[in-house]
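Below, in structure tokens: the form predicted alone, a single chain.
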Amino acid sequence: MTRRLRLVVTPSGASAGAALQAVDLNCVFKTGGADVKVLHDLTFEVKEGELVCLLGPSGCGKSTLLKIIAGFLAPSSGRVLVQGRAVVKPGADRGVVFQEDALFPWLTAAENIAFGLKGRLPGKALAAEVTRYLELVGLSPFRDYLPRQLSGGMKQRVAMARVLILKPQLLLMDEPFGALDAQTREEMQTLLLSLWAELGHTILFVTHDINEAVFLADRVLVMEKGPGRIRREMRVALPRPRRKEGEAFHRWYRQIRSELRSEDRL
């Protein structure tokens, strides 16, 4: 008989000392004169140094939630805290990596990575930092390439380095590998884990891919829609490095898939 993995209901209040806290978040959009509730009483937390995946069906508000945490969008009510400080606008303590790389097409890989630090570091120090981050993402030989000369995976490596070089306390990732082919996507997942081990960021990673969530996450937060909220927390008790071919991995995959399907039946 297949062993059922333990599920833990997310607590109603976030504890002190978390790197990220979302407390009683509500978000209402006005569409055609009507109020559409996108998020409802949403509460969760991410501990310092954790990699947490946010997983849920289309339309459950995952990207909206990330925009609120990033400070791009204000909630209708509730609050977000990063390192205990309220989020009221975008800030250097949060870095965001989107699915689209949004690189400057007229700048080289090195120049794109350096862009956010220009004027903040002396020239030699900036050059050394750029060299370090090019090495971290495996693009040293391509430092002088323009975005049009790079593959999709390479461009996403540049986009990640451009954010990481700013040393944010919290890294927000909105389906960053969703547009890549399967092989490149797996390479990027492995790279992300390598960067996480090296740099120690706290990461909130939005995905719709169960395999990706099981491979990456310390915890998976399952969202429900209509309106969106955190319904279930699942701690992925698998040793690292993880093998996608293993039976234990597939048990987790099946359990999370079952959880998502049960949500669809609500």
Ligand SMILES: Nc1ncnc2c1ncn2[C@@H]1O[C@H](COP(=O)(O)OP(=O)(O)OP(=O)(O)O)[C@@H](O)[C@H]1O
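Numbering starts at 1 and follows the sequence shown. Here the structure is a predicted model, which is why all the values come from computation and not from measurement.
Just so you know, the form predicted in complex with the named molecule exists too; it's not on screen, but the next bit is about it.
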Have a look at 25-33, 232-240, 213-221, 196-204 and name the one stretch with heavy atoms inside 4.5 Å of the named molecule in the predicted complex. 25-33
Quick check on this chain: which one of 42, 38, 46, 69 has a heavy atom within 4.5 Å of the named molecule in the predicted complex? 38
Close approach of residue 175 to the named molecule in the predicted complex, 4.5 Å, heavy atom: yes
May I ask you to state whether residue 60 is within 4.5 Å of the named molecule in the predicted complex, using heavy atom distances? yes
